[in-house]
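Only one chain is given next, in structure tokens, and it is the form predicted on its own.
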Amino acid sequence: MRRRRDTETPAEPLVITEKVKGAMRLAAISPEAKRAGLLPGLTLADARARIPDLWVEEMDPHADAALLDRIADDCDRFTPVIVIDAPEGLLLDITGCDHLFGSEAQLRTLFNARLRRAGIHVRAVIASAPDAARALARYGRTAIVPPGEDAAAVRPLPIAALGLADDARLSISRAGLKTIGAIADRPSTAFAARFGEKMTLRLRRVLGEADPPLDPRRPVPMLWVERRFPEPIGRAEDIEAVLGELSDKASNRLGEQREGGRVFEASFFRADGAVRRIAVETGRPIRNTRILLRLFREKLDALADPVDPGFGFDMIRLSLPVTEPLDTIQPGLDGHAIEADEVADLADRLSTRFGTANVLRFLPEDTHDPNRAAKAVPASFNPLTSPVWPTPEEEEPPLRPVQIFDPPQLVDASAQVPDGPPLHFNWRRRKHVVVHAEGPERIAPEWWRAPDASERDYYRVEDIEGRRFWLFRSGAYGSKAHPRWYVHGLFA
């Protein structure tokens, strides 16, 4: 509409069409088209018969969903709990948020004014029950429902407000029941027997007698603090100062709860409705403002697309989606606790700059399979239980090499049968004569992962030149398949 108004050609009535059962029908119409007598659901042929000059556009569900998502991002300034009610609705849980705007009426006024300034027609209703608010927004005229009066407010609404299928709605209307109140006055057992429990559950939810489960579009943070500005800000030093102030507030609240944050998300709300979010993760819970600000600086410096303030930010929010218990670190006499904290701080900085997928560490796995004895995880990953690496006995050689070959390398070996160690083997065009050997250590395969794998007999061997190897024999002598020897690792 804005694009056509910029031209000198007068705008024709706009209609949006979609194909329904092979016919093009009007899905949405402009106010001009409505005043001309058109209605949604009318076929395009009938609409052109009434008004030959129409501006026709096809429905674009992906663009509609993207616009609704953008609107939902901007609505985060009112509450972090937002549910997408496709195709044209949003459900905002403003419990505990109305005092930030003065009252529910003032919040609704600000909400309507903001969306209308963006050229969006909006009908907002505040009610205790989510389904009651949805029904009143689409079919009623109420603005704010007093607490406890949801059932009385929705009784005059048509049965279409229940959102039933067309056949169920037609059957109920043919019985002479035109409003929600008429259905509510009759026993629910008859409706449940005819239309199922889902229909009666919808009725109870619209009346406010049952609470529907809400599925917010974004996880609800455990804690958040925010700062609103009468005049938008855009200078980098002002933004950093506000982040420091919000970090102090969040740290104080975390300290009261004896918790620390694992994930911190800064949301920057631009005056034009765009929202930019920057998140940092840590390998252990923290509540140190200095460390947090340094991580945000690292993240901002590493961004390929810098945060553009545009006309300025009118609100900044710091959210903590993930928190964990955190007590004061008690440094030991050896200082290892402080060293471990410094190493974790370094890992957080590297992960923030280069990405969590590029900074890894190893964790032991509870398995006897050498190929899966350790796994690489992001350095910021913090398991629920602290795994313990096996500790070798004092003055004993290691049982496993530090690094193994993946896959194991095939060698040509000669050995005593049936279970003797290799006498010599050829590997990488060199012959190695074995002078010392320990084993075998038999490792059975994990049958639930590789049911056809053979047992392995592992040996630690040393050749005549002092080199030490970790070899295994796959299969057994005397079986149908001749056993094969592999080098799986090297000892330092």
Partner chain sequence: MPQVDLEALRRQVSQLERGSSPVASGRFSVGSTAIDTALGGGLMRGALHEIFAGQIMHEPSAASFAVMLAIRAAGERPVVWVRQDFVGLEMGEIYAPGLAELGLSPDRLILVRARDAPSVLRAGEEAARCPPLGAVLIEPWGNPKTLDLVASRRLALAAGRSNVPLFMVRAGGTALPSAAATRWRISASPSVPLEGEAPGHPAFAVELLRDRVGSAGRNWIVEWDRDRREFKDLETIPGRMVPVPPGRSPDAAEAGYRDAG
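Residue numbers count along the first chain shown, from 1. No experiment lies behind these values; they were computed from the predicted model shown. Between two forms, the rigid core is defined as the largest C-alpha subset superposing within 1.5 Å.
Note that the form predicted in complex with the partner chain isn't included here; everything after this is about it.
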The partner chain contact at Ala374 in the model of the complex, heavy atom, 4.5 Å
yes
Using the partner position in the model of the complex, report whether Pro451 sits within 4.5 Å of the partner chain, counting heavy atoms only.
no
Distance check, Val461 to the partner chain in the model of the complex, heavy atom within 4.5 Å:
yes
Considering non-hydrogen atoms and a 4.5 Å limit, does the partner chain approach Trp389 in the model of the complex?
yes
The single option of Leu293, Val343, Val83, Leu177 touching the partner chain in the model of the complex, heavy atom within 4.5 Å:
Val343
Contacting member of Leu44, Ala36, Ala437, Leu68, with respect to the partner chain in the model of the complex [4.5 Å, heavy atom]
Ala437
Looking at heavy atoms inside 4.5 Å, which stretch does the partner chain contact in the model of the complex, given the options 178-186, 249-257, 390-398, 93-101?
390-398
If we check the partner chain in the model of the complex, which of the residues in 349-370 reach within 4.5 angstroms of it by a non-hydrogen atom?
Arg349, Leu350, Arg353, Phe354, Ala357, Asn358, Val359, Leu360, Arg361, Phe362, Pro370
Ala47 C-alpha shift between the shown form and the other one of 2 Å or more, rigid core reference:
no
Could you tell me whether the Cα atom of Asp167 shifts by at least 2 Å between the shown form and the other one after core superposition?
no
Superposed on the rigid core, does the Cα of Gln409 end up 2 angstroms or more away between the shown form and the other one?
yes
